[in-house]
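Same protein, same chain, two forms; see structure 1 and structure 2 below, as structure tokens.
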Structure 1
Amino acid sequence: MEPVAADLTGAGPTSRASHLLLVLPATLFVLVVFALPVAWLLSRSVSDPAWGLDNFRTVLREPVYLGLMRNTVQISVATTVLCVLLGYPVAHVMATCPRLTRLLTFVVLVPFWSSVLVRTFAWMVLLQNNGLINRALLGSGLVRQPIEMIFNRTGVLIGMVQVLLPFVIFPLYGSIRAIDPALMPAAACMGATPARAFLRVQLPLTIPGLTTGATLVFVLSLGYFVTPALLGGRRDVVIARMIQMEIGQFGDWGVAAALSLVLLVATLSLLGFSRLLVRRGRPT
């Protein structure tokens, strides 16, 4: 009876073998298409043009590359902060107002119907000096001359926030939805103001969703390429753009691989740290 029971619960040797066979095609696909090419590229950081750590010394000592890292971190942090500030109210309304949930979900998901490249070109049309936004501002008399909103940090942040905002909204929506609706009224009955109830009750309970969303946005921002390349200026070059330039224009695979490895290590470290925060924020 024991082998039969094991097979019925899915824990028998036959079941395990079938599970391995089911995941084998996907594992091979990821290994061949992703893991092996990435490993080959990263290996060139220590083998091209010669074996050693010269590429990392170049990346960590040259002011140009240090400036790129600073730009990437600054843009990623600013994008994450703006997404959290804009996304939290939307997620709160989605979770607490059932009548607006479907409408707001539709509004948030609409941008996913078009590619990032199309949306970035749309922002180029809207943000240019003679674009729709500047025309509206000039026509209303709010400004006397066009505002520079493209080929600078402002355009980069606008484009990236618009693309990455849903990655904050939906994790926060799930966290807020899971909160007991009676907690906030109970805090009010105990004399807490709305701001105090939010800071002491709701915000701590939404830390896992907030951490998840902020981490997703920050990690995606670290490797972003299209939006900074099209909407940014010379001072807004990021690591991903520089990796493309090192390979496509200079043919320096070693430095490009070193930059890629630095970016990968930073991303993995951030993911590990965020996972620790999420575990600590979960109620026991």
Structure 2
Amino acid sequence: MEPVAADLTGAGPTSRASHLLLVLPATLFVLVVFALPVAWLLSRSVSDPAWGLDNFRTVLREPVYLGLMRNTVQISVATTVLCVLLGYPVAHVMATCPRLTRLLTFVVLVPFWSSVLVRTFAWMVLLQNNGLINRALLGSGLVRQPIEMIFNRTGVLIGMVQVLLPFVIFPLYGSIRAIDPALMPAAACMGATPARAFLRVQLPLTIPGLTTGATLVFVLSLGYFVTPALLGGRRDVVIARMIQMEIGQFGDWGVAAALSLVLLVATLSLLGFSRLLVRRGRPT
């Protein structure tokens, strides 16, 4: 990601000005319809119902909010890790076997064509104790008790990973495609085993795509609440659901804004930290 950006911006002052002009409409649009409302909402964390830090005191003192934050982060981290582990091989095959690229793109994109609710109800049909998967397993004698795959954390992760996989696959696909195809054979020529060639050559070169994808998945996971609500169990309540309730049910904009701000700060620091790790781990 960075090298490309550096190439584009290093082209002299005139083109820099014209670049600015090109991004101006989108920037203005985002500023007006996104940044200003968000700033308005977040400012209510210190102004609603009265000026001060009371809302933050409530949020940090009430154990239930911290519990919900912990849940949210756990679910998001697990979703991100699973997406990366499952998505990398798919992206690799898509990038290296041109015959399969179109088919895989189609398969990966299918979830986007159905609504979250439809998809989630489909999972209920498949995953529940007397659903298709468990009936097949029981019928074939592979298991004696149905496996609990829904209305618990497993169900949440299955549902979220399926929806979010494309966000890690496509950036990775781009990264892998951009690698000079001669590099891996060259590494082999120099005596590297495939595993070593992957770890020392391909993986480092795909770190930018990987970071982009993982960041997207992580950030999107933090805001998901329909999937955890429908596929999760008693404990799988997430902070986004609470924020929605604070506004819709209780009309407590102040606490909702404080929760959003705490979540935002936590997210940004986590992301900053992971960037730091990636940068440190990158070979020079």
Partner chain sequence: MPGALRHTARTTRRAVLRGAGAMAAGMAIPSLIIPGVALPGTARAEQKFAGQRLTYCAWGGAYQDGQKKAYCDPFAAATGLTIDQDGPADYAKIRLMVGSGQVVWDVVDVGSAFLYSATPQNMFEKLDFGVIDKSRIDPRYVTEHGVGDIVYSYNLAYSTTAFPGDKHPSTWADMWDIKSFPGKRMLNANAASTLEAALLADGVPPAKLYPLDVPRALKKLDQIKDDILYWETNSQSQQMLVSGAATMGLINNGRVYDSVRKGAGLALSWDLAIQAVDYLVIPRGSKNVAAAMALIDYVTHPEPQAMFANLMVFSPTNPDAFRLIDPKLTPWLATNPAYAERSVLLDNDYWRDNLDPVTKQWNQWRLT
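By rigid core we mean the largest C-alpha set that fits within 1.5 Å across both forms. When a residue number appears, read it as a position in the sequence of structure 1, where counting begins at 1. No experiment lies behind these values; they were computed from the predicted model shown.
Chain form predicted together with its partner chain: structure number out of two = Between the two, the form predicted together with its partner chain is shown as structure 2, not structure 1.
inquiry  = After superposing the rigid core, is the C-alpha displacement of Leu66 2 Å or more between the two structures?
reply    = Not so; Leu66 is displaced by less than 2 Å.
message = After a rigid core superposition, would you say the CA of Gly254 moves by 2 angstroms or more between the two structures, or not?
response = Result for Gly254: yes, a 2 Å-plus shift.
message = I need the hinge angle between the two structures, given as the rotation of the smaller rigid body against the larger one from C-alpha superpositions, in whole degrees.
response = Domain rotation angle between the two structures: 16 degrees.
request  = Any chance you could measure the C-alpha shift of Leu21 between the two structures with the core superposed, in Å?
outcome  = With the cores aligned, its C-alpha sits 11.5 Å away.
query = To one decimal place, what C-alpha displacement in Å is found for Val32 between the two structures with the rigid core superposed?
reply = Displacement of the alpha carbon, after core fit: 6.4 Å.
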